[in-house]
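The chain below stands alone and is given as structure tokens, in the form predicted on its own.
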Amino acid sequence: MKLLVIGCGQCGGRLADEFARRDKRARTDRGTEIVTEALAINTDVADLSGLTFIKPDHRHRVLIGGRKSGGHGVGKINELGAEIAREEGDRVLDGVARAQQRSDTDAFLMIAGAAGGTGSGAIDEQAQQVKERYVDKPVYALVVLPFRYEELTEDRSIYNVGTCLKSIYLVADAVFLVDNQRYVTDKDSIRNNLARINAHVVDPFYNLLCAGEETDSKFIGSKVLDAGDIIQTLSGWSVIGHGRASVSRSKLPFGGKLDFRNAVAETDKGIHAMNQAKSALSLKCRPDDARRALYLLTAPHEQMSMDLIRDLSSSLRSIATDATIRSGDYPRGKDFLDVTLVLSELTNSTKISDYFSRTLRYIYLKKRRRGEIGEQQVGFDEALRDIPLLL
């Protein structure tokens, strides 16, 4: 699957840069292309200057809102970020239109941090503009949720998350949710933490995107998981995870290739990788809330068997009981067995409901301080309408 990636704001730009890095790796190591173009949009010059792999010209690193922000960002005011994106969105669409291989793009991926100003506001407006211009291609979003310290100390961040999530859900065909806090290591520096988090966020997409773009017959799976399968799976709130098991010791010493103990060890490694993928999902959720799911097994061809595929499918079915499941194999690699897992069309998310509730509380307290309302007496569904749209 080939993506055209657009990163909005500081967080989105850095993740788009990481996707560009993975595309360079795919071209070098596998002779495949997974990103037709990567663009970064920002109101801050310094953030755009800090990118590495996105081309440095003005069509790929797009500075917007120069007159309103002076090139120094919007100070977490996501309404302003949305307004600027609305007014200057044509500049981004021009960069998309000029992409030499746009016709090869299978889908658009918009990326932003939900708690910021530029990204939180611009992703919703920009996604809508792209969707209106390119009606034949799905538009997906990857939205990064804030760190715990941001939630505890910055009330405005919670408001930004609530308004961003409500707006992007109404526009995008699917929204990947990423919880930053799941990847934090306390002993690492800020720079190392952020670089490692970005790598963790993008890593699960690598094999998933490469599998359907292979041209070498040695690496084409018996059951290819390509763009069509991914598009049919992705809908609404979605999460992605990746698990790995070592297969460097290909056979146990006490039997031949067909020894039943080798078959058991092979299956155990696959289930271990699947369990890791479940544990490493980008947002903690209940798998049985998913209505669609897929997994991709990536391993040396001699490590993959029908028994392994059957057991992986059964393992996923046992937790995603109501989901339509798609699967595929990708005979790549030497020393590892990898499982990529996607759960989509999640019907319930405690984390999302909590953000909406806290956003409503923020709005309520703000209005009450201004003397606009008395005691809150409306239900949740009715109150949810009070969360503003950024579109």
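Model, not experiment: these values are computed from the prediction. Note that residue numbering begins at 1 and tracks the sequence as displayed.
Form predicted together with a small molecule: not shown, discussed below.
Of the candidate stretches 118 to 126, 208 to 216, 233 to 241, 304 to 312, only 118 to 126 contains residues with a heavy atom within 4.5 Å of the small molecule in the model of the complex. The listed set 74, 85, 297, 172 contains one residue whose heavy atoms approach the small molecule in the model of the complex to within 4.5 Å, identified as 74.
The small molecule in the model of the complex is approached by residue 146, whose closest heavy atom lies within 4.5 angstroms of it.
When the small molecule is considered in the model of the complex, residue 42 lines it closely, a heavy atom lying within 4.5 Å. In the model of the complex, the small molecule stays beyond 4.5 Å of every heavy atom belonging to residue 99. Although the partner is absent here, residue 180 is a contact residue: one of its heavy atoms lies within 4.5 angstroms of the small molecule in the model of the complex.
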